[in-house]
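Next up is one chain by itself, shown in structure tokens, the form predicted alone.
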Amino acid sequence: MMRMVALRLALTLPILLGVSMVAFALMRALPGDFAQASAGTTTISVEALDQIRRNLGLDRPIWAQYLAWLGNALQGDLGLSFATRRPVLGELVPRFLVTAELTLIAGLMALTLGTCTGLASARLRGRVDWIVRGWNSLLLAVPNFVVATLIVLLAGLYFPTIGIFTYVPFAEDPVANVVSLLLPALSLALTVSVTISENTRAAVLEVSSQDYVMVARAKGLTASAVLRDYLVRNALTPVITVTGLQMAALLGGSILIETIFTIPGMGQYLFESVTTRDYPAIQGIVLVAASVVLLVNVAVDIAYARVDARVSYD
């Protein structure tokens, strides 16, 4: 097991290198740069724009800029933000903690909702199955930013006392902090829960037809014992896979959700950085997000071996 974990962690390094190269190239491919974005509608001379680029090192070749950034990143320095002239790492860490908390709450909501609806659909069948499948189809057709907008409108219309846009820091009030993230997390969780629900339903239906489940029922075991010891445990493997893969969807969806609910997280930081062409901030955000997704995939592989005894990495 330890050898597998070490190997997977080692493989993340070239992947992160490739991600950083692609992100670096794509950012430079966007029209405009920080000098032009900072000028806005103000008329500024070409000489002044060139001077801003020289001060920021944007006049050098792209490969030279990348190698300089990579050398600093390997030492834990993600550079200075073009917009604030403060270290990117110092601005990114508190925002990442906010996004991590939002993603964790949304992930727990999606996992709970998805497994419960998928299990109910597979076990009860009939009308319940049709209701769950219809609900999943509806959520699948509606993007999460539309769901978030509807939640904001409905909450503002029918529950005006709820502070929709009032994020409370965790250090200030932990309970109010969690409450302020419930609606944004729900907006993220609803769409993700569809994939978990459908995979849970398919996994439970497949396991239900296995011989060992029929033997367990023939022995006279109670329905709860069969469900707990045979169905759920053996159906967990594909559910764990899907849940791990949905982490990327949660991180990607947080960009719009945090912007809609004015949450000072990594997603809102990325939106602001792309708008202003703040290259160091964008590069740092992409690197952190890619690292989180890769580490989650490693954790999923470890969970495989813990849940399914047939899986071994020795």
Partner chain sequence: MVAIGAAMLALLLLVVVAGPSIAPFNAAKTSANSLAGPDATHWLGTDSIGRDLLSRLIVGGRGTLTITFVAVALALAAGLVLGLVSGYVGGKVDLVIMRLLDVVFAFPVFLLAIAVVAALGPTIRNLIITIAIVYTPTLARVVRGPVLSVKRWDHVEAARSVGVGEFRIAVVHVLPLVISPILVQTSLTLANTIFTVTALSFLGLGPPPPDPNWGSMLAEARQFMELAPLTVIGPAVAIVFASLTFIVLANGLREVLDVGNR
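For the two forms, the rigid core is made up of the largest set of C-alpha atoms that agree within 1.5 Å on superposition. Numbering follows the first chain given and starts at 1. If you're wondering where the values come from, they're calculated on a predicted model, not measured in any experiment.
Only in words, not in the display: the form predicted in complex with the partner chain, which the text now covers.
Is the partner chain in the model of the complex near all of F96, V179 and V296, within 4.5 Å of a heavy atom of each? Heavy-atom distance to the partner chain in the model of the complex: none of the three under 4.5 Å.
Considering non-hydrogen atoms and a 4.5 Å limit, does the partner chain approach T276 in the model of the complex? Contact with the partner chain, no.
So in the model of the complex, does L26 come within 4.5 Å of the partner chain, heavy atom to heavy atom? Contact check for L26: yes, within 4.5 Å of the partner chain in the model of the complex.
With heavy atoms only and a cut-off of 4.5 Å, decide whether T149 touches the partner chain in the model of the complex. Flag for T149 set to yes.
T115 within 4.5 Å of the partner chain in the model of the complex, heavy atoms: Answer no; every heavy atom of T115 is more than 4.5 Å from the partner chain in the model of the complex.
Picking from 96-104, 76-84, 170-178, 141-149, which part of the chain touches the partner chain in the model of the complex when contact means heavy atoms within 4.5 Å? Heavy atoms within 4.5 Å of the partner chain in the model of the complex occur in 141-149.
Would you mind picking the one in L58, L70, V286, L49 that has a heavy atom within 4.5 Å of the partner chain in the model of the complex? It is V286.
Even though the chain is shown alone, can you say which residues of 252-270 have a heavy atom within 4.5 Å of the partner chain in the model of the complex? Those in contact are G252, I255, L256, T259, I260, L270.
After core superposition, I'd like to know whether V296 moves between the shown form and the other one (criterion: C-alpha shift of 2 angstroms or more). No; that C-alpha moves by less than 2 Å between the shown form and the other one.
Large Cα shift (2 Å or above) at Y66 between the shown form and the other one, core-fitted: Yes, the C-alpha moves 2 Å or more.
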